[in-house]
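Presented below, as structure tokens, is a lone chain in the form predicted alone.
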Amino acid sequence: MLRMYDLAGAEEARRFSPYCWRVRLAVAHKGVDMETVPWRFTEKAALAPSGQERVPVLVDGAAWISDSWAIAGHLEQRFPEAPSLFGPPPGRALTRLHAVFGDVLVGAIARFILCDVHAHLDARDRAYFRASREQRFGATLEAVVADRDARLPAFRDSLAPLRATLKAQPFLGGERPLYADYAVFGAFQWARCTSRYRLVEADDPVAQWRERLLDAFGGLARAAPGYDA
């Protein structure tokens, strides 16, 4: 069985890493079993065999694979008979754009939810999270999110390419989701698991796409503790 180190909050069941969610959905897409190991920011020693200090880390026998993109490639190679994560060639190359867009979304969404994420952390992780994120953003967590209501219309406007695509088809992958969907959805699931803040309205095609992915694979993502905002 595969095993993945999965970022958890104060509640062990609250798994909120956008990158871990990419992997969880990719594994479900492949139809294989995986054990998840709750991990906190200050437990970096547990990841030592991977040669780095961040999740997700997938353990497959003797192999320790880090980075969600590398893990997706490993899953595609490891389970070639299962449904492809990328679709027909050159799907993998095209999907890289969606993975990068997902990274950009994580940075954008962070400016709305940093304080909410902090509130859900295990007490051992809070000082680390505050110090590392305040260094990254150059301000206190509270200052970063202080004007979020004023910035929300611009954020919603920035989703226009995603919105236009999802008006024409149910998933980024077409009629069925692919890793491109999971790479972008991870950022929205991160927000859902930690914050009540409404990033998109319910009638937005982006929100409707999110609902479809929450229901995918027997409601895997919807079953996670979170807020339907």
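The numbering used is simple: start at 1 and walk along the sequence shown. If you're wondering where the values come from, they're calculated on a predicted model, not measured in any experiment.
Below, we refer to the form predicted together with another copy of the chain, which is not included among the displayed structures.
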Item checked: Contact residue in the predicted complex, from L178, V200, I65, A187 (heavy atom within 4.5 Å of another copy of the chain) -> L178
Note to self: Quick check on this chain: which one of P80, G107, P90, P153 has a heavy atom within 4.5 Å of another copy of the chain in the predicted complex?
What the structure shows: P90
Checklist line | Segment assignment from 55-63, 158-166, 187-195, 26-34: heavy atom within 4.5 Å of another copy of the chain in the predicted complex | finding: 158-166
Check: Candidate spot F86, H98 and L172, all three in 4.5 Å heavy atom range of another copy of the chain in the predicted complex?
Finding: yes
Notebook entry, point to check: in the predicted complex, does L94 have a heavy atom within 4.5 Å of another copy of the chain?
Noted result: yes
